[in-house]
Structure formats: C-alpha cells, structure tokens
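Only one chain is shown below, in structure tokens, and it's the form predicted alone.
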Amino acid sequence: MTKSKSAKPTQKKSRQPDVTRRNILDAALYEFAAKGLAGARVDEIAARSGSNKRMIYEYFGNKEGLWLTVLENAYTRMREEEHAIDVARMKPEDGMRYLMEFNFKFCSRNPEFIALLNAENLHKASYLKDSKKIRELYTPLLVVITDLLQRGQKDGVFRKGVDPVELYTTIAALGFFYFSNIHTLSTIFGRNLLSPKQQKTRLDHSMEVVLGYLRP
C-alpha cells in the first residue's frame, strides 16, 4: 500500500515537464498565429500557458527558438495526420484525390497553420532554414506521390513526365491560396467562401483541375 501511494507523485512529477512544454507550445501557437513573430510577446505566452519566462527560455532558448519549434510542430502534425491513411494501398486516382482532399481540409481546419506560413514567408523562411527535420518530413510524401504517379502511368490513367515536386506545389497552392485569401476573395466576389457549400465547390473544382492535368 505504501509503495503504491508513493509511486503516484513520482509519476505525476515525471510528466510535469511534458505538460508544461505542451502548454507553452499551445499558447505560443495562438499568440504567433494572431500576432506573428514580431508582435507576439514572451510575457503573454507565459501568462497564457500558466508558466513563466524562465521556463520558456529553459525549454526553447529564446523567442526565435520557440517560433521554430511551433513551426516544426505544425508541419509535423500535418504530415502525421496525412500518413494516417495508407495511400500506397489505394488506386492511383483515389490516392491522389485523398492527398488533395486532405490538404484542402487541413487548411480549412487549421487557420493557425495558414497564419504561421504567411508570417514565415514574410521572413523569407529565415527561421525554417535552421530546421533539421523539415526536409525529412517531406521526403516520405514525395515518395508516396512518386509511387502514385508511377502506378498511374502503368495503369494508363496518368500522363508521363510529371514532376512530383511541381505537382505537390500545385496541390498545396490550391488549398493554401484559397484559405489565406478567403476574406478578401469573399468580399471581392460577394460570396461566403467559408461556407461548407462553397468549400465543397472549390475542392471539387481543384480535384478536376489536377486530375484533368494528370490524364494522358
């Protein structure tokens, strides 16, 4: 009985650093997405996370280190969710549809991701260049796309000579542009592009554009 009781505080204590770190990252994601790197304040991140500046500096070194970690986590989450489905077992056209639908819907569900990418592009990816893991996250994705293209060519449903990097850039752009400009486009064209109906229309159109290009 005594041994069992004494184990609980130890377990709770060992988990505390992970919880604190997670809380800081969640708070930083909110602040960075809302205000960018320059506008976000470490004091505000600490207050929102229920932590303190000392802990932030201990875990991440400085605000720029925290920014990079938040960026890497956002990319990692996207890739992990994407890999939840085994695209390699799908027919080529179905696999390509899945990748397009996932990318579009991920952007829809995660406006913070769009905000982070916009902000990092303003900095010319100067912080992302220091990442030791970002390219590793995208290598498996390019392998999947290459496999889909090769199988599609073999089945006669995809054309030859498609560059997987160019194709992915197009797929990503079709979702990213829509959601990064959704408020201005809604105003310009007098449509509520955030509505489920308009999003479905846009996704269907995007799939037709990409699959139409891929057909022999």
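Numbering starts at 1 and runs along the sequence shown. Computed from a predicted model, the values in this text were never measured in an experiment.
A second form of this protein, the form predicted in complex with a further copy of the same chain, is not displayed here; the remarks below concern that form.
Novice: Find the only residue in K53, R48, K35, K154 having a heavy atom within 4.5 Å of a further copy of the same chain in the predicted complex.
Specialist: Residue within 4.5 Å of the partner: K35.
Novice: I need to confirm a contact call. Of M78, V144, I134, M90, which residue comes within 4.5 Å of a further copy of the same chain in the predicted complex, counting heavy atoms only?
Specialist: Checking each option against a further copy of the same chain in the predicted complex, the one that comes within 4.5 Å is I134.
Novice: In the predicted complex, do D18, I85 and F102 all put a heavy atom within 4.5 Å of a further copy of the same chain?
Specialist: Judged in the predicted complex, none of D18, I85 and F102 sits within 4.5 Å of a further copy of the same chain.
Novice: Hey, in the predicted complex, does E72 get a heavy atom within 4.5 angstroms of a further copy of the same chain?
Specialist: So E72 does not count as contacting a further copy of the same chain.
Novice: Mark Y57 yes when one of its heavy atoms lies within 4.5 Å of a heavy atom of a further copy of the same chain in the predicted complex, and no otherwise.
Specialist: Output for Y57 is no: heavy atoms all beyond 4.5 Å of a further copy of the same chain.
Novice: State yes or no: in the predicted complex, is some non-hydrogen atom of G65 no more than 4.5 angstroms from a non-hydrogen atom of a further copy of the same chain?
Specialist: So G65 does not count as contacting a further copy of the same chain.
Novice: Classify R109 as contacting or not contacting a further copy of the same chain in the predicted complex by the rule of any non-hydrogen atom within 4.5 angstroms, answering yes or no.
Specialist: Result no; R109 lies far from a further copy of the same chain in the predicted complex.
Novice: Can you name the residues of 119 to 138 that have a non-hydrogen atom within 4.5 angstroms of a further copy of the same chain in the predicted complex?
Specialist: Residues within 4.5 Å: E120, N121, L122, K124, A125, L128, K129, I134, R135, Y138.
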